[in-house]
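Single chain ahead, written as structure tokens, the form predicted alone.
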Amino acid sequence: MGVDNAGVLLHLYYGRKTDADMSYLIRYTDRGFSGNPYALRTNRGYSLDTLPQEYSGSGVGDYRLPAVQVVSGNGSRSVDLRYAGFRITKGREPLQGLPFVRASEKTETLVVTLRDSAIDLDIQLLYHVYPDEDVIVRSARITNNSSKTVMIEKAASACVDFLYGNYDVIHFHGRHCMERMQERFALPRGITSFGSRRGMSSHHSNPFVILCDRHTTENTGDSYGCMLMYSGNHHEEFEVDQAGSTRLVSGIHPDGFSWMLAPEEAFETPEAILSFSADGLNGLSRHYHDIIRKQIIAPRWQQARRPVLINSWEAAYFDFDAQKILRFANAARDMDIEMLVLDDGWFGKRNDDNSGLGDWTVNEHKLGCTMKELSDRIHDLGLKFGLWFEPEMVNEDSDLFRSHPEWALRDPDREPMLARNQLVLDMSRQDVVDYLFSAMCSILDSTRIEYVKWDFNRSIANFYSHALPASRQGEVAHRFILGTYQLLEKLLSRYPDLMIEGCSGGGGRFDAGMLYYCPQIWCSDDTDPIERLEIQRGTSYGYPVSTMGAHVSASPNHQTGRAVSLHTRGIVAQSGTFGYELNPEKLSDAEKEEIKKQIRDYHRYADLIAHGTYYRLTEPSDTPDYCAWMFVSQDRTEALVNLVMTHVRANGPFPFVKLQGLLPERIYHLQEQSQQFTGASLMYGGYSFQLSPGDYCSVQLHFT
């Protein structure tokens, strides 16, 4: 960054270290229809419209994407920012009410203050630097120093200008049951944007984007990542301007957003996690995996081995009682599964998905016992116990809604939009947060529960709170997320050993904000292992395997009807937190023995999978018939290689990959085949696989 003679904070360069003053890159020229600040009106070569800026204002001559938009007390919409000072401190302060990247021993913070003196507005740009992970975390704090209320209409967390270069953008789109599909294309001239207005980060557009050189591959070339640490409405924008410069702006989605900022009040944006890699997309992924595992996941869970669980959902759906669940638990124990999770249907009047949400009282008539009695009997079998909640939702057919219809998000003069026959609770209200905390504590205090699955099963519409005046309805979507974060914070403060797995119809809220509270997130409701290859691969660009909830489910699969071997289902699910989503009473003795072996193998490789370096070995466009990936230990002496065939061809070529991350001069033993290789031969010469015939066969190789 550099402050020019006009006091504008210019963005000079972002990339490989140069240890040089990069201001020589700035060029000035008179571009038609690019106006000049009044103080420099005789210098037609100086325009905010053509200069790279660290945080762009609005309405004062830069016609590109703004980072901030404010309506001041007199109705003006102009924001003209000038440098006003900086400070550097060791460590960092937490954000108030928002998740944040926890400080490391080497973290330092730079705070740069920009000021609009005409409206007496300060914007502090916060930069938290994590040198070991090669990450810069950015956010902004907007303070109203005037005597009049101002209205914020856009508040980005980060703005980055790239003065030169032709870039591709990679984003991760999707839908329910097919999240985080990678799409890459060359940025066109003009504005390209992604985002979510669904009240959650969404299945449809993850708050993580990558900008890279046109020739960047998995292992070579420059790439830049921007991950918003936020679980609500988000927006990622790119603009390629008239001269070919590229601007990236990331933050809360401005559509429907406004925030009333009274005198002396401040507004803090969510954090944006930035990283650069000169070692391709795999290199960029490693930076994000490291920062999430070391500084975002709660310390309690960073090194803890996660229990292998079985979930009741696809095994029973709503059709269960305590005796059926105990039969599941007995069968699970005999297969060395370590935890049973009781999913939806245990509370209120809840025999289908049309009623009961919000009534968090145990349906003892359905169970045939108390929840404590069920939990105790499961623990007596040697298993841990987990329970499903969907705290932020309510059904019209519930005692809660009948008592407090004003607690649901809904417009006063129209019927609400329903999804899954449910409404959304107004998490911007403190009384709603307090009710949910009390209701959940009544269960957690009386029952031994080690795990909670936290679900969120619809997109939000009707963003209207009956607790806020008309002038503040634009705050509802953001206040909703703040309420959810508050509830999570309160629960984890009270139950520090409780593991919460995030879920939103699968991967609808798979983001760094939720990972601050939830060490793992259910990756997708699609448990088909072949589709999971795509889902887990796309997720891996930004998020480590240790955060991906992945289960072995029944075959044929409940979502697609595809039949896949138990062996392949196990290999795919092992590249995640690992568990089972099936009815154990329907398994043969041979299948039960195979599951016991899968669990032994998972425990054998658990640390390597959770903490090792992850590599994508194949590109779908290059190898459409198979998918391969691997894990390498931190000391590079151990590797686990996985390959799954996705298409069988008669008389086809052998699947072939080049391994990565090994020590070239060392000898690696392949125990399964009593062979040995040099690291160089495996990386430079590669390895060809000979697989058995049949659909979706797979292989797992362990090198030491």
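Since we're looking at a predicted model, the values are computed, not measured. Numbers for residues come from their place in the sequence shown, where the first is 1.
The form predicted together with a small molecule is left out here; the points below concern that form.
Visitor: If contact means a heavy atom within 4.5 Å, which one of 283 to 291, 450 to 458, 212 to 220, 328 to 336 is the stretch that engages the small molecule in the predicted bound form?
Guide: Heavy-atom contact with the partner occurs in 450 to 458.
Visitor: Does any part of residue 344 reach within 4.5 Å of the small molecule in the predicted bound form? Heavy atoms only, please.
Guide: Yes - in the predicted bound form, heavy atoms of residue 344 and the small molecule come within 4.5 Å of each other.
Visitor: Does residue 543 reach the small molecule in the predicted bound form, with heavy atoms at most 4.5 Å apart?
Guide: No, residue 543 sits far enough from the small molecule in the predicted bound form that none of its heavy atoms falls within 4.5 Å.
Visitor: My question is simply whether residue 73 lines the interface with the small molecule in the predicted bound form - judged by any non-hydrogen atom within 4.5 Å.
Guide: So residue 73 does not count as contacting the small molecule.
Visitor: Is the gap between residue 414 and the small molecule in the predicted bound form 4.5 Å or less for some heavy atom pair?
Guide: Result no; residue 414 lies far from the small molecule in the predicted bound form.
Visitor: Using a 4.5 Å cut on heavy atoms, which of 401, 578, 629, 313 is close to the small molecule in the predicted bound form?
Guide: Comparing distances to the small molecule in the predicted bound form, the residue within 4.5 Å is 313.
Visitor: Go through 528, 525, 80, 237 and name the one with a heavy atom inside 4.5 Å of the small molecule in the predicted bound form.
Guide: In short, 525.
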